[in-house]
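A lone chain, given as structure tokens: the form predicted alone.
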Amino acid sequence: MNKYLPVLKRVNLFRGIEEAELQSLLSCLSAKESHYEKGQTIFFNGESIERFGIVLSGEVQIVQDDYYGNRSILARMDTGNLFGESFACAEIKTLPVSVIATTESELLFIDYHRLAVPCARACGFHCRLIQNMLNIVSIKNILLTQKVEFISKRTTREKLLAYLSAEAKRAGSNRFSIPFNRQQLADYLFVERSAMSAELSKLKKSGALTFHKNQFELLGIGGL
């Protein structure tokens, strides 16, 4: 665990907690480290969870598959981010999504009940942890609202432009990279990959943007 302390120091859940205190805190939270291979399922749709995870290295995606096997990517979490905390906190009996490792990943799992209820020693960390958790959940709700804005657009073109514009704003530059390949981007925006690829080609030909793999550059509004 010591080699991941620099990562844990940057995790928002532990904001305001000194590195020297982290080891005893993790013990108090009954934290357990686990390794997952690429493509391995971490949480299955339909199960009940009492632990949430922190990505120490690698990446995971929260996905939802419909009856016909069509997949939608609801969110992605890379190093330092939490996943499953909302479902664990809400004590959902049947998980409506699955969580999958999209790369080889090291994950840390924390018992939600250990976080929410002070231990017998009444560690002073718990108030800070709960405040930090509320902040994390609130920020994710804001990001979810933003995604709803993307997918509520009527056309594939509008969804693409809304998403890419938001990514450019987040990067602070008209040149930026996105965390998805083409299929993942289509799954994230809830569109057909072929239709999305066609729209990207049209936008490129019109001079609105250029791209190579997951690298994009917005060129202006002339072709929009």
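Quick note: we count residues from 1 along the sequence shown, nothing fancier. None of these values were measured; they are calculated from a predicted model.
Form predicted in complex with the DNA: not shown, discussed below.
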Only hit among V191, V63, A162, I49 for heavy atom within 4.5 Å of the DNA in the predicted bound form is V191
The DNA in the predicted bound form: within 4.5 Å of a heavy atom of each of N2, R10 and S24? no
Here the chain appears without its partner; judged in the predicted bound form, the stretch of 29 to 37, 192 to 200, 49 to 57, 165 to 173 with heavy atoms within 4.5 Å of the DNA is 192 to 200
- So in the predicted bound form, does S177 come within 4.5 Å of the DNA, heavy atom to heavy atom? no
| message | How about N181 - does it come within 4.5 Å of the DNA in the predicted bound form, if we only consider non-hydrogen atoms? | response | yes
Applying a 4.5 angstroms cut-off on non-hydrogen atoms, the residues of 204 to 219 near the DNA in the predicted bound form are F211, H212, K213
